[in-house]
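There is one chain below, alone, in structure tokens, taken in the form predicted alone.
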Amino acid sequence: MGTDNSNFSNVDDSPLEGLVGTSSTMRSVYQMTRLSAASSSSVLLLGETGTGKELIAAALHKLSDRASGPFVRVNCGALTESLLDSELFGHVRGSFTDAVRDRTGRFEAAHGGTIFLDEVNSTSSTLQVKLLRVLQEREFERVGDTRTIQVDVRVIAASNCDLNLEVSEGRFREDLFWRLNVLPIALPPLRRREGDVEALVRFFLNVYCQANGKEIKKIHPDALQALVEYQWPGNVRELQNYIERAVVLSQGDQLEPSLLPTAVIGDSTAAQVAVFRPTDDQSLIRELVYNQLSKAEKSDTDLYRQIVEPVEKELLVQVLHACNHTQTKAATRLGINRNTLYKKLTEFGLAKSKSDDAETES
């Protein structure tokens, strides 16, 4: 859930430190960030992977009156429940098998400053209860301890999925959602940041030319057009990767189309998602449908037939690629019988012999 920033005309909308882009969607983000920084209320950053949520979190901290305090980052999606519990709240010696000494948790380490909880949607129901208590009472206990610790911490959380949907489907606590969602800031995907791609390309060209001792002074018009027209499912992080690669591979003083991957210079659905795909299966399917739907004529009346078959075929391609073309693994991930998968691959002209698959699996 975003916020209508149209009434903030008197708030500075210039780019924040470390961020590039002057599109109207980003100017609204800059304004909301500056307004939110003055408060100690919780902030919820919403946006696709690669849209710059950590940069906004860092900007919120630097602009706040907590700037002299610590800024602590935690990726909630990178750890198991037990490890994340210990990471966030600490533990005492002997509380579990590997607890050979007392450990300070991230909330305690962030006292007087800001803690950034990335991928907060990944937390278990048990941890969500503990997070709710910290937000409400500003206190917690280390794992295995009975002593209550008081903390003064500002919480910034981030999610790359729709938390309203997570709440409605019972995967995220509604009370925690409202505690986190005091000041929501929605970060737009790069495809909706009109005019920002060129600025970002030039920015990253400068960064990686300096890092690699290169001098690329020009961008071929065809390369720039391809970059501007690409849909960027991986957002700014994807663009950054492609520009770094182009600089490393370049032999002259111009960014040529040949330095860009097929995903950018190609025009097929497969190319659009070939290298950087969304991080979860549901996002991948949404992206495939979006790409195929954008090709359909407005007058078309048989969208189901036109979209489902190409998307199904592309999904098979993507899952096979992710499973190193091992059909057994791909069938398991898709939740179908291997013979059914082989039949589908044959139907779409993607099948190789089962003996080849056996060699791949051996």
Ligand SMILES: Nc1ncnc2c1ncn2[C@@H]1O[C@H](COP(=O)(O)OP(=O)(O)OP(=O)(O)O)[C@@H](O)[C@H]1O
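All of these numbers come straight from a predicted model, not from anything done at the bench. The numbering used is simple: start at 1 and walk along the sequence shown.
Absent from the display: the form predicted together with this ligand. The rest refers to it.
When contacts are judged by a 4.5 Å heavy atom cut-off, V151 does not count as touching this ligand in the model of the complex. In the model of the complex, this ligand sits beyond 4.5 Å of every heavy atom of P310. Taking non-hydrogen atoms only, F203 approaches this ligand to within 4.5 angstroms in the model of the complex.
This ligand is not shown here, but in the model of the complex it comes within 4.5 Å of a heavy atom of V20. Comment: this ligand is not present in this chain, but in the model of the complex one of L55, L44, V317, A331 has a heavy atom within 4.5 Å of it, namely L55.
Though this ligand is absent from this view, in the model of the complex it lies within 4.5 Å of a heavy atom of just one residue from R103, R171, R237, H220, which is R237.
The stretch in contact with this ligand in the model of the complex, judged by heavy atoms within 4.5 Å, is 229 to 237, chosen from 128 to 136, 106 to 114, 229 to 237, 81 to 89. If you take 34 to 52 and check each residue for a heavy atom within 4.5 Å of this ligand in the model of the complex, you get E48, T49, G50, T51, G52, in sequence order.
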